[in-house]
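Okay, so here's just one chain, in structure tokens, the form predicted on its own.
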Amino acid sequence: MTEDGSIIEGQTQSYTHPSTNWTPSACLWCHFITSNNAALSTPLFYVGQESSGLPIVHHSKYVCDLPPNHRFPMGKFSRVLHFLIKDQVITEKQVWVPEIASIDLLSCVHTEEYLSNFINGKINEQEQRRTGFPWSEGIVRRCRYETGGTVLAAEVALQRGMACSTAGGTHHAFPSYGSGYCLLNDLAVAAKYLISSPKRKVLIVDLDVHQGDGTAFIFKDESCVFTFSVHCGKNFPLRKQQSDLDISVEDGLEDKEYLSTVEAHLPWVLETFRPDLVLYDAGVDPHWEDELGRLSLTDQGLYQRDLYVMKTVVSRGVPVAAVIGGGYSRDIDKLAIRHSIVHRAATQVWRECGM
């Protein structure tokens, strides 16, 4: 690790352990099993080999072709897995492969008309401009696999205590339209699926730099889902929705102040809502180098944030499924390594907590 706390390619588990009062003995871990998967008519995943390590959910079809020089860093998803294996953070045996999300599954959040238009390419130019993506069969496929991956990560977390996808966090998608590089709301689909059968309570912790407006709107009247967002108030979207708890922060916020903000609210939310599962959006766009961020976190600050969130959740015996959220840079490899911070932090929690 460099002096400023950034990751050096090829260096494994390079972060300094943050100063906290947490110890492995404080981990009140329980054994979680899912007893009823009848809500889905088809399997969500297959996995080739057994592993006792942290489950990582990935599919090669998380990536699709985009026009040359498109602003969205599509190549980052495959590179996240590449660096996790290259740096020996994980092995291939830890990778779980999701199935494509069915239309029935997606319809628990999205309208029939929107799904039909999206899947069949009946999206007009104005709608494509709002999402930032030209329509293609490839973009439909990747979004459906990404959503299947988030649902699988949540299912595996319920069984194993923790799981991380190498994609996910498309929180700007609404029931009837997409927005801001988000076409299907994977977090909302996962939460809706999980609260359906058996009845569960799901907490969505969204630390992407942008408010999860689609997710907030979808669950505004749902008592079994609590939406908690820490975001840059002057950033996209211009028109915010109302989450159950919104913490708006100012431009330029740095590591110490940001982590103090999260620490001031997360324990209270966990203690009052008492979720059965946490979905964690670990967006890296609060980073000082992010092209769309406006905050000033470092790599080390992101690592401390992710470590704190996952330790705080796990120490209460609550399973957590993490997605990578937003992150924007023209340097795809540098961005992918930054996105892998959540998997590195999760691996430390997994090991120290004896999971």
Partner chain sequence: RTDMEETEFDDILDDWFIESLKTYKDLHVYQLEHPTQVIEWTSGKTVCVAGFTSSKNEILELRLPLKLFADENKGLCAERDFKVVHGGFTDAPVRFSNCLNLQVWDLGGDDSDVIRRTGSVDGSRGVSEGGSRIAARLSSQPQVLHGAESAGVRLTQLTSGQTVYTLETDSADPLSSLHFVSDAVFLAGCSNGKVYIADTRTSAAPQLSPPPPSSGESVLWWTDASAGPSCLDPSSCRIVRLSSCGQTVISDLRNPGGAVSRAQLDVQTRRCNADDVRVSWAPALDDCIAVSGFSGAVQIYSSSVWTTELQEAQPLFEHRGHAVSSQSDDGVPVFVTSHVWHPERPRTLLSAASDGSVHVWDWVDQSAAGC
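Residue numbers count along the first chain shown, from 1. What you see is a predicted model; the values in this text were computed from it and never measured.
Keep in mind the form predicted in complex with the partner chain is missing from the figure; the text below concerns it.
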query: Which of 131 to 139, 94 to 102, 160 to 168, 273 to 281 lines the interface with the partner chain in the model of the complex (heavy atom within 4.5 Å); finding: 131 to 139
query: L292 within 4.5 Å of the partner chain in the model of the complex, heavy atoms; finding: yes
query: Contact test in the model of the complex: R71 vs the partner chain, heavy atoms, 4.5 Å; finding: yes
query: Touches the partner chain in the model of the complex: H287 (any heavy atom, 4.5 Å); finding: yes
query: Partner proximity in the model of the complex: P175 to the partner chain, non-hydrogen atom cutoff 4.5 Å; finding: no
query: Neighbours of the partner chain in the model of the complex among 225 to 244 [non-hydrogen atom within 4.5 angstroms]; finding: F236, P237, L238, R239
